[in-house]
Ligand code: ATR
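This document starts with one chain, in the form predicted alone, laid out as structure tokens.
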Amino acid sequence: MMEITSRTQVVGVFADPVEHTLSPPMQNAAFGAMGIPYAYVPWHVKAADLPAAVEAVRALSLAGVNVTIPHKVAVMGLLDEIAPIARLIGAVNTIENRSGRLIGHNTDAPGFLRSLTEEAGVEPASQHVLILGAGGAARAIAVQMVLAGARLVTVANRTESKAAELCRHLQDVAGSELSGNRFTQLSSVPLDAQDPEFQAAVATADILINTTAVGMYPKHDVPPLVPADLLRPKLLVCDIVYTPQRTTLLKAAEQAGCRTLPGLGMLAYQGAIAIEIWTGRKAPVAVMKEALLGALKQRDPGV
């Protein structure tokens, strides 16, 4: 981190809890590599204090902040403007302070897209995308897949009514101006490896994305949501879990001869996009990934 002076621009993250966040080492490594006077700080902000914390961004002339669990939805009503994609997703994870006007963005969705296109070399346009889970991460990624022109998005969830609800929202996204009049088919299936509908979805998918916490450290030694015998070599299997980097799902995919995409890239790219919003400069993603790996090894040496 560069020396703190009166010229230092402060950014950070609002979260509850905040101790787990890996953003400070990642973002501060980026600022150091960029040679710009920015410092990234974690703030423990409880729900009752969120309005005051957001107002402090303006009062202290902070360049901006990230916002994470449990504030991504509640913060939207406290901002002056919401970027169109963040509004479609229904969640904000990055606030930009533009001369006192606070603008909410969502970098999770484009962060995953950049990981998909730049690391895996895959464009979602005209693809069948199968998403495991129907929570906040699934919603962000599904919206981005629709906007990127996926041919079919299938949402698989243990509570299928939640998957169907997400599909109804995606229907509105597909009909929005941001979709560019691209047509995306939508479907929901049970998240159950024994279910014929789920098996059929896996068999026809081009891209499979796990957005659930299944397989995350410390409960990482669990059977994968999709066993290897359902997977086929042409499938790209993505897991947004990044601890461990090789989840049981990715190991099963490797066993089946699939291409794989771990979650570390999404984490780095969403942080990079936040930096680009705050500074207007391209972020050093390679430096950020290296810092993340170092922080992960220091926290969980066995993962």
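It should be emphasised that the depicted structure is a prediction, and the values quoted were computed from it without experimental measurement. Sequential numbering from 1, following the sequence displayed.
The discussion below concerns the form predicted in complex with this ligand, not included here.
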Heavy atom distance at most 4.5 Å to this ligand in the predicted complex, all of Ala137, Asn157 and Lys162: yes
Of the options Val214, Leu147, Ala83, Leu186, which one has a non-hydrogen atom that comes within 4.5 Å of this ligand in the predicted complex? Val214
Heavy atom within 4.5 Å of this ligand in the predicted complex - the one residue of Pro124, Gly104, Gly133, Gly111 that qualifies: Gly133
In the predicted complex, does Ala201 have a heavy atom within 4.5 Å of this ligand? no
Using a 4.5 Å heavy atom cut-off, state whether Leu225 contacts this ligand in the predicted complex. yes
Report whether the minimum heavy atom distance between Leu88 and this ligand in the predicted complex is within 4.5 Å. no
Using 4.5 Å between non-hydrogen atoms, is Ile209 touching this ligand in the predicted complex? no
